[in-house]
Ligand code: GDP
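Encoded as structure tokens, the following chain is the form predicted on its own, with no partner shown.
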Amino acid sequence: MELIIASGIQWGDEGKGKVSYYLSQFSDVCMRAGGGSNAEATFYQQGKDWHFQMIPSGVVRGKVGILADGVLISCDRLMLEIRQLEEEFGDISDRFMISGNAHVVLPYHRAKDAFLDENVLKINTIRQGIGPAMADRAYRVGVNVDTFIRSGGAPEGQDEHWEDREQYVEMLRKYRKNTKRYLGELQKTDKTVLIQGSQAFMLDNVHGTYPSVTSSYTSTAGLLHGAGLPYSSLTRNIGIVKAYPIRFDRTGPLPTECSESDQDHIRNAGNEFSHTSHTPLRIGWLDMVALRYAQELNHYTEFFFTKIDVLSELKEIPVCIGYRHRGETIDICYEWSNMDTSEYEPVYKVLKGWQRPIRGVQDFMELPVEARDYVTFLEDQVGVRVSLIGTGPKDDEVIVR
């Protein structure tokens, strides 16, 4: 078996939907291994745009799709996506499966998520109930898919919230499979499996900018753990890097956050708004310090560099190559938890912009020299080859090097 992981390594929204859909054409099986409906994968297929929060992108291509043990199931969102797929392709039960050990997000998880964020956390979660569901799993009082099916979808004390519980039970029973056995058998074959990361590494619950993080483990090791696969099976570890990092939340650290005018320009050029609320996203300059940290902890074999076309109108592009911290300049930072960004001053190298459109370019040598320099500067600074470059949102707007 060949195993590929493709995951974001900044603060999310790196273009994982487009990347995972693109890579799925070279895979037999596509899977989610962590997180839940708290991240949306957006991609385009033959003029139609898809917005998935639960189902792996490759199912649209006819690939086998898996929601593995580490995924948190939001039944309402999953049912919506299954119905969208059935309307387009008919029954998908022969190529979509859910682990019985994946846990279910219950209505009170969402209510608790909203209450905590409003009154305690104040970190701007999207209130999908993921954190409380993860906490219940850790407390050993969570409800997994098998328990949900056996209990008729009505956990004790929650009956009044589950008007659609019978439909959810029927849905989960239909797609519940022994995914561990299936993956164990796959390891004896020459099939290719793609793990699609949902959040991003700098939002990892342990290694990210805690407490402004997600509730799951988004590192390479965390995704393998959620999938139930050994590290020795990994053949390609693709880190997805956006040409400019963004954050959804309003409070978490983003050391290279741009001026308001630069954010407005990039935001409008790249449509950097929340998919659900159309909230403007925070935008920063490319941060080599954070990327070096992510690389040291995950050992990516290559990068997929996305959305460089958005920067095409800029005359100059600052790139952060270090932080000034307590009288010294550091090129890698390890102190991300409870970070006080006022103690870290970005050190910038200003690169020349290319100032001409490059959307849709498919040959690296057809890029302006300044755009090529931007790519190779990333490679030199982090020590990882950029093997793929996104030059637009469409599936074929990719440079393969």
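Since we're looking at a predicted model, the values are computed, not measured. One-based numbering along the sequence shown.
Just so it is clear, the following notes concern the form predicted together with ligand GDP, a form of the same protein that is not shown.
(request) Spot the stretch among 41-49, 24-32, 64-72, 334-342 with residues whose non-hydrogen atoms come within 4.5 Å of ligand GDP in the model of the complex. (result) Result for this chain: 41-49.
(request) May I ask you to check whether Thr306 falls inside a 4.5 Å heavy atom distance of ligand GDP in the model of the complex? (result) Thr306: yes, in contact with ligand GDP in the model of the complex.
(message) Would you classify Val310 as touching ligand GDP in the model of the complex, given a 4.5 Å non-hydrogen atom cut-off?
(response) Val310 belongs to the contact set for ligand GDP.
(request) Examine Gln10 and determine whether its closest non-hydrogen atom to ligand GDP in the model of the complex is within 4.5 angstroms. (result) The answer is no: Gln10 has no heavy atom within 4.5 Å of ligand GDP.
(request) Scan 2-25 and write down, in order along the chain, each residue with a heavy atom lying within 4.5 Å of ligand GDP in the model of the complex. (result) Going through 2-25 in order - heavy atoms within 4.5 Å of ligand GDP in the model of the complex - the hits are Asp13, Glu14, Gly15, Lys16, Gly17, Lys18.
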